[in-house]
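Starting off, we have a lone chain in the form predicted on its own, written out as structure tokens.
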């Protein structure tokens, strides 16, 4: 029996026939990166390869001096005895699935992905394969997402209520991906500025530089001293919740935009006034649909409810197991605090 195309090693997923890792969590000579969240794109690699669209964010993550090569989505790259290509994952700007083939078998590592429409990144592409390595962050039937436009209208209604009642609406969201998606979804509905925490601004500008249409933004720190924020929408990273930074807004309400808000108890336990169920990961049906559409006969589930997803695959007649990786079950990449 031939060696698998990808193996789990102490440094991460490794392809010995191409001598590279995918999203390694320890320093390695050559890393292929699915996207720029901190649990997938770490410092210290000898070289990085990613899809063209994700290069700007990756460089912000790992530094200007990093050795980064890019590949156009769908283009085949010969690496040792295998062929590698990147395909849109629909998670955040530049996020990709990595396809690895030796001419006889095809493996696809999805990284993080979602199936819903998102105006800020390329949509997910179904990639036929024999073995699928898939995330399982929200692999429970309770997790089911409404279209982003529906959630954006809910956020806009909350914002409009803040205008009428004269209080600020402070919406907490992950710094990379979620904040930009909110700005992109709202840009389809209104054209008025949004205030943002300083940790979000560089990433928002990175999306603008990539040609993504977003609502205009203003930095909270640039507002004049004593400015009242009544009726304003303010985006902030989760790390700012409960901090003295909030005092400047006077009368305000808080909300959190995350897939975890699908469970109402999460909002109550964390103390937010509102919760908006908006995720950059596939929901339960999205995971099952992807597995069915790609035609994989073997599924390896990583991070999240991986045991639940593997069991569902086995009940459907597929070969399935779990991979214990160091990828996070959250989008919060740490820079937002």
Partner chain sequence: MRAFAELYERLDRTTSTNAKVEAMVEYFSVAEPADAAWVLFFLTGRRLTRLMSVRQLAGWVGEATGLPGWLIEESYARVGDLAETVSLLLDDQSRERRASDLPLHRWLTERILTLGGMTREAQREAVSSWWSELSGRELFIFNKLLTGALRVGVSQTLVTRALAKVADLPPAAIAHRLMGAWDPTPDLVARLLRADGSDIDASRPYPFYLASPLETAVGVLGDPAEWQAEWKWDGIRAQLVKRGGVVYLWSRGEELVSDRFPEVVSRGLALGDGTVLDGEILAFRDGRPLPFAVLQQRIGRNKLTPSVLAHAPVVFMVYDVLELNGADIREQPLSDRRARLEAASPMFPASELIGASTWSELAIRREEARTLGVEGLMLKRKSSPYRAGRKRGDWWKWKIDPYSIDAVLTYAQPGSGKRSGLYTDYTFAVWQGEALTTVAKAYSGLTDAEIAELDRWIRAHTTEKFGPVRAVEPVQVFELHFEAIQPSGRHKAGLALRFPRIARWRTDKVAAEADTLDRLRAFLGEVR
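Keep in mind that this is a model prediction, so the values were computed, not measured. Numbering follows the first chain given and starts at 1.
One more form of this protein exists, namely the form predicted together with its partner chain; it is left out here, but the text below deals with it.
No residue of the trio 7, 67 and 109 has any heavy atom within 4.5 Å of its partner chain in the model of the complex.
Of the residues given (186, 131, 127, 140), 140 alone sits with a heavy atom within 4.5 Å of its partner chain in the model of the complex.
Taking a 4.5 Å heavy atom cutoff to its partner chain in the model of the complex, the contact residue among 312, 62, 55, 294 is 312. Although the partner is absent here, residue 256 is not a contact residue: none of its heavy atoms lies within 4.5 angstroms of its partner chain in the model of the complex.
Taking non-hydrogen atoms only, residue 221 never approaches its partner chain to within 4.5 angstroms in the model of the complex. In the model of the complex, at least one heavy atom of residue 262 sits within 4.5 Å of a heavy atom of its partner chain. Using a 4.5 angstroms limit between non-hydrogen atoms, residue 47 is distant from its partner chain in the model of the complex.
In short, of 294-302, 273-281, 47-55, 33-41 it is 273-281 that has heavy atoms within 4.5 Å of its partner chain in the model of the complex.
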